[in-house]
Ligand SMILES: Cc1cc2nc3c(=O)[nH]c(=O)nc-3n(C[C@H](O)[C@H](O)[C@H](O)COP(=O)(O)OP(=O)(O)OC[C@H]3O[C@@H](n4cnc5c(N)ncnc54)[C@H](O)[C@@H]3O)c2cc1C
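Shown next as structure tokens: one chain only, the form predicted on its own.
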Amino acid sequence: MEFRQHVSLAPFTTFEIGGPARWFAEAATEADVEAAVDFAAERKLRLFVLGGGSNLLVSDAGFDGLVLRIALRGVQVDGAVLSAAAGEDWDALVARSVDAGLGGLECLSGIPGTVGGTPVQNVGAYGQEVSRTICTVRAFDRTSGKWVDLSNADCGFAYRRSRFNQGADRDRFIVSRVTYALGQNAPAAVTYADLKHYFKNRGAAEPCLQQVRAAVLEIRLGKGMVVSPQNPERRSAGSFFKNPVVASSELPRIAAAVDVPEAEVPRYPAGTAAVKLPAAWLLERAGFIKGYRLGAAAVSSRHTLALTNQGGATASDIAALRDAIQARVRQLFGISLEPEPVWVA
């Protein structure tokens, strides 16, 4: 494994933004991961683990430490159990599961990034979350210096959260492999409103896995949420803000803030006396409509939740737009929006 200095991180991110890493290396084996951890410890360097670069915003100054890009490869299929190395392309794995007739990941088609990032963020979309199918996560525990196999319960999954990105265990584990327990000949999941609407208009009562995957890809592309040369707004990190969860009792106040009937505030159940609000609705009511632009940073013209690099944008440009949105939504609704992408500085 080679340790290089002053490597630009922009080419490794979907935003295509970011300064240099002081040190940079790629791990193709678990032994490489251990060597990188030792390298950083010996030199008292901070260590940042990089996957597909689809859920982060790297500062213009870069990262004054070691960036370790996970490049482990390998996929094994044993009946309905799918095991993949952390460096495998996520969408390619979803395609493979669908082709094998294994249900459970089809609605997660088109999400950029690698396998290793899916348990960290508890990746979810269109009615599915990886936490429903993950059975084990293999990772290097930087605290004990040993490899561990964590069960689903060990991972502490919640909405867009896990043990890997919260609290004292944040940055403690380096994921090398994820195993998913899928459904053999399982029916495709069509529970999300966008998918129901898509198939209702096409007369498909019981679409198969391949049809649902194709539908999700088409819907995502229409919203500019696919990293593809055909997508002019591909330089983004996907949905930039998490959908906030608020007490149901807050709905009258939120409706009054924009002078609409309470019934017109979109919401989804989120536990006892709580609801989840679409962050996109909050942005639009706060004036950040599709196409809103602040310099070279903009709200996507196709999807309100995607902040985009229109070409030549810096991390500071994206951060300025992020801050403006958060400030206005907080002022108008009293809600603090939480960004999904990780800030790397």
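Because the structure is predicted, anything quoted here is derived from the model rather than measured. Throughout, we count residues from 1 along the sequence that is shown.
What follows is about the form predicted in complex with the named molecule, which we do not show.
Student: Any chance N243, V299 and P339 all have a heavy atom within 4.5 Å of the named molecule in the predicted complex?
Tutor: Heavy-atom distance to the named molecule in the predicted complex: none of the three under 4.5 Å.
Student: Considering only heavy atoms, tell me if G104 and the named molecule come within 4.5 Å of each other in the predicted complex.
Tutor: Heavy-atom contact with the named molecule at 4.5 Å: absent for G104.
Student: Spell out, yes or no, whether the shortest heavy atom distance between I174 and the named molecule in the predicted complex is within 4.5 Å.
Tutor: Yes, I174 sits close enough to the named molecule in the predicted complex that at least one of its heavy atoms falls within 4.5 Å.
Student: Whether T14 contacts the named molecule in the predicted complex should be assessed with a 4.5 Å heavy atom distance threshold; does it?
Tutor: Result yes; T14 sits at the interface with the named molecule in the predicted complex.
Student: Would N309 sit within 4.5 Å of the named molecule in the predicted complex, counting heavy atoms only?
Tutor: So N309 does not count as contacting the named molecule.
Student: Pick from A84, V226, A188, L182: which residue has any heavy atom within 4.5 angstroms of the named molecule in the predicted complex?
Tutor: Only one listed residue qualifies here, and that residue is V226.
Student: Counting only heavy atoms and a 4.5 Å cutoff, which of 311-319, 45-53, 284-292, 22-30 contacts the named molecule in the predicted complex?
Tutor: It is 45-53 that comes within 4.5 Å of the partner.
Student: Which of the residues spanning 80-117 lie within 4.5 Å of the named molecule in the predicted complex, based on heavy atoms?
Tutor: Contacting residues: A86, I111, P112, G113, T114, G116, G117.
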